[in-house]
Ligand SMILES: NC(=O)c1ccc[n+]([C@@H]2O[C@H](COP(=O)([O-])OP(=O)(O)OC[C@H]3O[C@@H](n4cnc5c(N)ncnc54)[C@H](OP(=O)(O)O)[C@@H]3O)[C@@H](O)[C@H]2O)c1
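A lone chain, given as C-alpha cells: the form predicted on its own.
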C-alpha cells in the first residue's frame, strides 16, 4: 500500500516517534525502581497532590470506575500486606510474572509447585530457594494467607479436591481468570463460604506483566469479587492488582472476565489474527507474489509500522497517517470484513457462553500428552511458509543486525 503523506519514509518517522512515546515511562512511579527491602523502614515520601481511591471515567458515554497505581505507593502496599504471606500456586506464565513482581515489591511471597518438576527447576533458576520460599503446593497452601491459584485451568480442576482443604476461614482465595469459578459445573471448583474470593486478571501474558513492570509502566488489569466475607475483598483485590505490577485496574465480574477473555483470545487477539494473516498471505502467493512481498504486505507492515500507530493514537490516526488511496480502500473494505466476521464472532461468543469452549479446553488439558499435542500444533504453525519467511524478514530489521 502507498502510505504516510505519499512516502513510506514519512510513516517510518511517525512510527519511530510513536514507539518513543510508547517507551516513555508512565507518569506513575515505578514500583520496581523505587522498591525497598521488606525489612527496611519505609522511606518518607511527599504525598501526591490529589489522593483518591478511584476515578469514575467516561468511556464513550458509559461511566466506569478505574483504580490507579498512584493510589498505592510502595510503602503503603508493604504496610497493607505486612501480615500476609502470598502463596503462589503454579509457576507458569502468570505465576512467573506475578511472583517475581511481588518479590521485587518486597512482599512476603512463596511459590508452591510439584517438587523437582519443570516448574520447580524454573523457579530455582529465578532465585526461589527450596525450603525458604519454594515449597510443594500443599506446603505453600498451608503457609499462605493469600492463596493465588495460578495453576492451569485443567490443573485447577484436577487439584481442587486436595487443595480445597487448605482454603480455610480467614484466608483469601485469588484467581487471575474466572474459568474455574464460573464453569463450576465442569470444574467442581466451589470455594467454602467463609473466605474472600477475588480476581485480578492482567490483560496480557505473564511475560508482558513482567516486562512492563521492569520498564516502570505496568499492565492494565481487571479486578472482580466473587465472594466478600471480610467486607474488604474489593480493596484487597485492587491492592493485589497493583502489587503484581498493574498500572491501572477496572472493575468487572468473574463471569464477564472469563467470557471476554475466552472470546478475545480466540478472536482478534490470537485465533482471528492468525487466520486472517494466513488467508491474505495465501491469496497473495496464489496470485504470483513472492514470499517476501506477501509477508511484508501482510504481517511485517502491520506489526512494525501500522499497529504501533493504532496502539498509540487510535485507528483514525493510523488512517490519517496513510495516503488518501490507502485510506479510501480501508474505509470501503472495513464494513465488508465486519459483515463477514460478525456471524463468526456471534457463533464464537455463544460457544464461550454455553461452556463448549471450556469443555474442549478441559478435555484437551487433561490429556496425558497435552504438552506434546500442543507442541505439534504450534510447530505446524511455525512450519507454515508465512512464518518461515517471517524468520528471514525479522532478521533484516536494522536493529537486529546491531544485536
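Because the structure is predicted, anything quoted here is derived from the model rather than measured. Positions refer to the first chain, counted from 1.
What follows is about the form predicted together with the ligand, which we do not show.
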Hey, in the model of the complex, does residue 337 get a heavy atom within 4.5 angstroms of the ligand? no
Hey, in the model of the complex, does residue 114 get a heavy atom within 4.5 angstroms of the ligand? yes
Is residue 105 close to the ligand in the model of the complex, meaning a heavy atom pair under 4.5 Å apart or at it? no
Exercise: residue 99 in contact with the ligand in the model of the complex, heavy atom 4.5 Å: no
With the partner removed from view, which of 74-82, 312-320, 191-199, 151-159 is the stretch that lies within 4.5 Å of the ligand in the model of the complex, judged by heavy atom distances? 151-159
Ok, 247, 272, 264, 204: which has a heavy atom sitting within 4.5 Å of the ligand in the model of the complex? 204
So which of 308, 92, 291, 216 reaches within 4.5 angstroms of the ligand in the model of the complex, heavy atom to heavy atom? 92
Under the 4.5 Å heavy atom criterion, name the residues of 250-274 that approach the ligand in the model of the complex, in sequence order. none
